[in-house]
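First, one chain by itself: the form predicted alone, in structure tokens.
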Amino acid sequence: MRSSALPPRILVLHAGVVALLFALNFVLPEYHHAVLARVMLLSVFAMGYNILFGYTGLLSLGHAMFFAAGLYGAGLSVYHLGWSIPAGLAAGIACGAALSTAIGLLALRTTGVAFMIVTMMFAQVFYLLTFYFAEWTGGDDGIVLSQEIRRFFVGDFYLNLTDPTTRYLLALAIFAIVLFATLIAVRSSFGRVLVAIRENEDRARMLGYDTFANKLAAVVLSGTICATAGAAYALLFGYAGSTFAGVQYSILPLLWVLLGGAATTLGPFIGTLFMYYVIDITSSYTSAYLLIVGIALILLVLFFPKGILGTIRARWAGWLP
């Protein structure tokens, strides 16, 4: 079995990506500066999904509810209850952890397609609840966090989340923390067990591993990371709406992970960045941009069947995590 210690070149690669994103803060034009901040948070959402799908082999179509749990947990506590921004962030993460624990205990009683359907049903219930409690959530219109709310002191430090640079650096900090936490988790003994469950759950169980407990831990870790992305998104961009709880936000992280490379640590970021910019660029030229996006995705699947980073790892760089 490979050592769980992180080889220097893997550390250098991931630190280099973070350093590059930090440097881009000073050179990107205003529009792309804001886009990249958004992409970093959405890629954290994809990283959370990758824990469950890429490493554990569980296909979920309900992860929008975890992202939205963090989104609303942070947004509503700040907007309605007057909590501070740090308290709102903690509330959003806690909501995601609690919800993923409850959903995991119920959904993991099923397997395969049934698990996918159950998670989708729970997500749809969550989505409908955002309309039922529209007096609090704002429904389709959502809630907007005012600029005054998003300016605050942390000790002697003044933070203004409406400032583009502050928003970018905080998004980068969250991205970097989750990236390295994910890297450590998947290369630990826990990560090895998840891969064993993905490859052959019966054999992993026969070897003495508690597969249910490990899958539940994967669901909770995955949901908590997704909720962290949602909570940060609400606070940094000042908006929480039911759109983020819709089924499309359960499908998008799946596409991002597949495009970048499932069971790769940097794949979710690459997939999110690629798809976001393909849609953004093509939609500025034609209303039929989804056709172009579809053709691009087909070509990508043909030439990179394991995703961009997954195929690179399989063909040329087997050391990539």
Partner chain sequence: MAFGPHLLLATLEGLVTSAVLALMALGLSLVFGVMRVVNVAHGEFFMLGAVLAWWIASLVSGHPAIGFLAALAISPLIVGAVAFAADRLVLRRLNYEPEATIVATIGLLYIIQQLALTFYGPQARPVDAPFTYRILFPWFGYSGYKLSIIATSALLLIFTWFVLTRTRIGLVMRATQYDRETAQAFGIPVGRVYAGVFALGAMLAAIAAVLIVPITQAHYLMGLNPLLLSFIVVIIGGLGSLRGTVVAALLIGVSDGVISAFFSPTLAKIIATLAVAMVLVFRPQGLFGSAAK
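Positions refer to the first chain, counted from 1. Definition used throughout: the rigid core is the maximal C-alpha set that superposes within 1.5 Å between two forms. Just so it is clear, the model here is predicted, and its values are computed rather than measured.
Missing here is the form predicted in complex with the partner chain; even so, the following discussion is about that form.
- Residue in contact with the partner chain in the predicted complex (any heavy atom within 4.5 Å), chosen from A69, L41, A263, L258: L258.
- With the partner omitted here, the residue from F244, Y168, F122, F237 that has a non-hydrogen atom within 4.5 angstroms of the partner chain in the predicted complex is F122.
- With a 4.5 Å cutoff on heavy atoms, G294 counts as touching the partner chain in the predicted complex.
- Residue contact check for Y289: one or more of its heavy atoms lie within 4.5 Å of the partner chain in the predicted complex.
- At least one heavy atom of L254 is located within 4.5 Å of the partner chain in the predicted complex.
- In the predicted complex, the partner chain sits beyond 4.5 Å of every heavy atom of R203.
- Judged against the partner chain in the predicted complex with a 4.5 angstroms heavy atom cut-off, the residues Y79, A90 and V144 are out of contact without exception.
- Partner contacts here mean any heavy atom within 4.5 Å of the partner chain in the predicted complex, and among 122-130, 93-101, 150-158, 228-236 they occur only in 122-130.
- Fitting the two forms on the rigid core leaves the C-alpha of G16 displaced by under 2 angstroms between the shown form and the other one.
- Whereas the shown form places them at one spacing, the Cα atoms of L21 and F303 lie at least 3 Å farther apart in the predicted complex.
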